[in-house]
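Single chain ahead, written as structure tokens, the form predicted on its own.
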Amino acid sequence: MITGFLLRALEGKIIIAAAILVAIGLLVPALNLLMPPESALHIPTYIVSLLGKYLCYALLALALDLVWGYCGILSLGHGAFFALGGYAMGMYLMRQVGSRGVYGDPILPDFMVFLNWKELPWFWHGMDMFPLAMAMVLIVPGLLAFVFGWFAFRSRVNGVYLSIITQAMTYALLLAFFRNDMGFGGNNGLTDYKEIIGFNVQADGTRAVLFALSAIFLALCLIIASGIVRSKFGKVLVGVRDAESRVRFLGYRVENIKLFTFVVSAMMAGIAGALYVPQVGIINPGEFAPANSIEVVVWTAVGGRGTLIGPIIGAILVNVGKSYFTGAFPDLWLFALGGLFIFVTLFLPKGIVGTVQQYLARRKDFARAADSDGARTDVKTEPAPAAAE
């Protein structure tokens, strides 16, 4: 079963894309750690962390593409799953600080000591164990997606109404996590990390490994997403996107199909958030902001929804542009982002990768038609056989 899944997933372009990601995940750390700083090939540590952040965003865009590009669910709340995965990782990292914090409390994080908390909340217990924390990275976003999807999809909420509800969900979480009594650091969030599984989180080697893990997990999730959309289930998934009522009429439980895809996508977003936090060094309620989820939609649209590879490219390109614009022209970035989205909507509705695929398909059709016309001409001009004497 697993072998068949992998064989369906590994089409040509997915193999190439996954191989490129793994190669980048090995090459960039090697250039950072092995090349001397004065070498032209040396990649500084801050660049490694910045590229790792881009890969985490690419994984988030891939997660959105699975539900939007192939299931037709425009989620404006995927930033919530990303942030929840980040908070699970942040809680683990905060528990690793111990007595090295500002207040020196071996159990309570600094913000709890500052707020006069007397004991550790129940949901923080066990988060000092790496396996449990990593399980929470998947379970918490997946559980939220399951509960939300269970009610939304069985109520047959679709289209813009579903998008608004997902946006309301992430905004509600934003307001909740801003409160100090929630036990997640309030407005300041979780920061000042020291180590991860015994390694200094600020060390060059640790950051190089985190970058490599980001590239590898992105490649792995790309293969998983490809296996899903290229399977029989994936064909039904596209049917739900294009003609939900017909698929329902054929006897499929559409709500279950949507629910499964939504949960898998949320778990991918949670992994992205967990890889993002140790590389950036902070997680706060701002990650729940609806504007962040809308940005993910822009990345996916720019790269090309329904292509899997497109959202990865779109996320990286847009965030590279964001890094440049916010440094050189900070007041113009939002205008540039809005203009980019309008341009793509009007002139590249299928995104970068989708437009390229459409162009190549048309060229192939023209070449096939030309070959057919040439064959018919050859048949018509072929001389008649000589009459028998």
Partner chain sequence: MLRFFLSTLLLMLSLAAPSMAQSDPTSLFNALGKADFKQAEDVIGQLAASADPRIVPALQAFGEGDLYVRKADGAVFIAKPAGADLALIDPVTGASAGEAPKSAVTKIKVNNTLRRAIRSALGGLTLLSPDRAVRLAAAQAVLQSPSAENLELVEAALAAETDKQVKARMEEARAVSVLASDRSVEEKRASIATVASLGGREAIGILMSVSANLDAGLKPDVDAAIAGIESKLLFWDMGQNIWYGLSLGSVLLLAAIGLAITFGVMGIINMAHGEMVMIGAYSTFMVQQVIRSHYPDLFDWSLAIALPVAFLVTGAVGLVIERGVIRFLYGRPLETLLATWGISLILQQTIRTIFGPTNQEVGNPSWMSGSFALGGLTITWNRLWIVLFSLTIFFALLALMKRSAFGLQMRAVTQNRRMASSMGIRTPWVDAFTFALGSGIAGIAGVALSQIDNVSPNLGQAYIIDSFMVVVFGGVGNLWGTFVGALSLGVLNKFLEPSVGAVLGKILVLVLIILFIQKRPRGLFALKGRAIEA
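Quick caveat, the model's predicted, so the values are computed rather than measured. Numbering follows the first chain given and starts at 1.
Just so you know, the form predicted in complex with the partner chain exists too; it's not on screen, but the next bit is about it.
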property: Any non-hydrogen atom of A40 within 4.5 angstroms of the partner chain in the predicted bound form; result: no
property: The partner chain contact at L76 in the predicted bound form, heavy atom, 4.5 Å; result: yes
property: Partner contact for Q96 in the predicted bound form: the partner chain, 4.5 angstroms, heavy atom; result: no
property: Contact test in the predicted bound form: Y171 vs the partner chain, heavy atoms, 4.5 Å; result: yes
property: Listed residue (E255, E244, D105, D128) with a non-hydrogen atom within 4.5 angstroms of the partner chain in the predicted bound form; result: E244
property: Proximity to the partner chain in the predicted bound form, single hit among G101, P290, G234, G183 (heavy atom within 4.5 Å); result: P290
property: Interface segment, criterion being heavy atoms within 4.5 Å of the partner chain in the predicted bound form, picked from 133 to 141, 183 to 191, 106 to 114, 301 to 309; result: 301 to 309
property: Residues of 13 to 28 having any heavy atom within 4.5 Å of the partner chain in the predicted bound form, listed in sequence order; result: none
